[in-house]
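Two forms, one chain: they're shown below as structure tokens, one block per form, named structure 1 and structure 2.
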Structure 1
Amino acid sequence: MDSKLVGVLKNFEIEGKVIDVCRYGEGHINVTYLVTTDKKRYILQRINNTVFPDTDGLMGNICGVTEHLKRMGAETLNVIKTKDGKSYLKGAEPYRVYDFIEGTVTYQTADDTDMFAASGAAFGEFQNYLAAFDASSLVETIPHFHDTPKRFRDFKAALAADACGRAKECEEEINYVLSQEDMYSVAMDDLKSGRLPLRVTHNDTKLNNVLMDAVTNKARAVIDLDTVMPGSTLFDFGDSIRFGACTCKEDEEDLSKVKFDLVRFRAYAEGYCNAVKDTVTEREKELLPYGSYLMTIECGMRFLADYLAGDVYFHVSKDKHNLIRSRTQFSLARQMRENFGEMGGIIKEILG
């Protein structure tokens, strides 16, 4: 065992003697370990304070949200305090500890529509449980994360700079982003005006952030709460549809394979919408299809901006990787916009 990690664990109120510490999971931001004592198991994480410099705010968000979820009777992460009553161990390398939630598994991809619907129900329940929580009390762990007008300004700055002389290679993609400008501000404008309620949003609604019961395969808890922030339900719903209702990988080069799957859209919508039906507003119902489009084109413009800037943010593994990713997202966004009517009909059918 790593003696440094054993030393770190001595600062936390854990039960029993540590008998094993090993790397765990597939996360790319924080470093995660599974801790086994002679009493129980825990998760130890080294928090990436480069990505999340406001560690106090980060842990304040997590503690506030998880405590509320517990009061509502939901299963959730349990933060183990340090021996001096703090939510994490401060230092150049900050650490935190959670109880390990036994009897659960995670999946990287949805093998069928039932699983996709189950993830929709999980994130919908998460949203519903937190409907009465004061989202304005949360800090933005990543400022302007889904502020699409800000993302568009960043895109235009990258285009103006054209640091690598790549703009000439992607005029069609650039023109598409510019042509959609009138679509970008609806969500942020409605949040500012109050037409859309400010919600607690997860902002990383991938299937592998839902713990499924190992026996029943039913969703038990939503995890990875680092990006919990104030926002709109459009963000969580939309981003799930962006990656879950597409028939191909995010970097598919053959655009003929990029298909927006309305069957998958319906499956997720049924899970999510049935969970939030008692708290969702009429304006949110109206804009859920738009949210799917918005998250998709926002992601595409971020890929394209990074390509123009020289691939400085997203990891790339092949030539023109970010340009390829952007093309996939734009193809999907076009199809979503063409299907707004049918998407809206499905939402109305579910929610009335």
Structure 2
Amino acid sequence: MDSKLVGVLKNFEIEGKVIDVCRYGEGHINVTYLVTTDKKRYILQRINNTVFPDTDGLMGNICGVTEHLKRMGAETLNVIKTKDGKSYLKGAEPYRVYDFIEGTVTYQTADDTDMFAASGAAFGEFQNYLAAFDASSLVETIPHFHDTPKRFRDFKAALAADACGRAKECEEEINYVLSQEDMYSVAMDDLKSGRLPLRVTHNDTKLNNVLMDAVTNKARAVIDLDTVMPGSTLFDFGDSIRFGACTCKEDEEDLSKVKFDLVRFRAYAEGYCNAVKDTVTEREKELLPYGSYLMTIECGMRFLADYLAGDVYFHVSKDKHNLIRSRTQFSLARQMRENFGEMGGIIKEILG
């Protein structure tokens, strides 16, 4: 066992004697460990304070949102306090602890469409719960998180800097991002003009950010609350489609396996749209297919920008990992653009 982590855990109000600490999960941002004591299990996370420099603000949001969700009767993350009553352990490397939510699993692909529909319902209900949450109490943990034109400017800056001399290897991918420029501003323009409502959203709705019941495959808890901020339904719907309506993992190297799957799209859309049907607006409905494409190409440009910058943001575990991830996203984005009509038809069938 890592003695540093055992030392970190001594600062928290945890039950029992620590018998094991090991790396856990497939998140790209924080460093997550599963902690086993002789009484129960916990999740320990080293918070990525490069990505989230305002750790007080971040943890304030999480405590506020989880207390709200508990009051609404939803199952959610339970923050374990430090022995001096704080929500996380301060330091150059900040840490937090949650109860491990037992009897749950996370999936990296949505092969089971009922399960994917259940995750859609969970994210839709999550948005409903947050409709009653005071947005002004939230800190914007990553400003401009889904501001795609800003992400595009950041991409162009990474390309101009070409810090590692990698641009020459990815000309095709770079040209694709540049070629789509006229598609990037619709969501932000509509949010600014009020055509799209600003809501409190999760903003990182990939399938492995919802815990599914290990027996029933129904959704138990929406997790990874670091990016709960004002945003758009398009972001939450779109990011789930990006990750889950694909036939392979996000880092598949064989692009012939990357297929945008309308069956999975329909399953998720049924779960999500039925949950938000009382509040969703006509403009949101109309733009849900576009939101799926937008979140996919935005994520692809973020992976590619990080590859160009030298893999400084997303955790990587193999050579060219971010470039490989960006390729799956661009392949999907292309297929989504070709399927706007079909996607729109499915949304109409569900919501009218």
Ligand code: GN1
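Residue indices: 1-based, along structure 1. In this text, the rigid core denotes the largest set of C-alpha atoms whose superposition between the two forms falls within 1.5 Å. On a predicted model such as this, the values are computed, not experimentally measured, just so you know.
Between the two displayed forms of this chain, it is structure 2 that matches the form predicted together with this ligand.
If you fit the rigid core between the two structures, you'll see the Cα of V8 move by 2 angstroms or more. Taking the rigid core as fixed, one finds a CA shift for R283 smaller than 2 Å between the two structures. After superposition on the rigid core, displacement of the C-alpha of F340 between the two structures stays below 2 Å.
The rigid core superposition between the two structures gives a CA shift for G64 of 5.4 Å.
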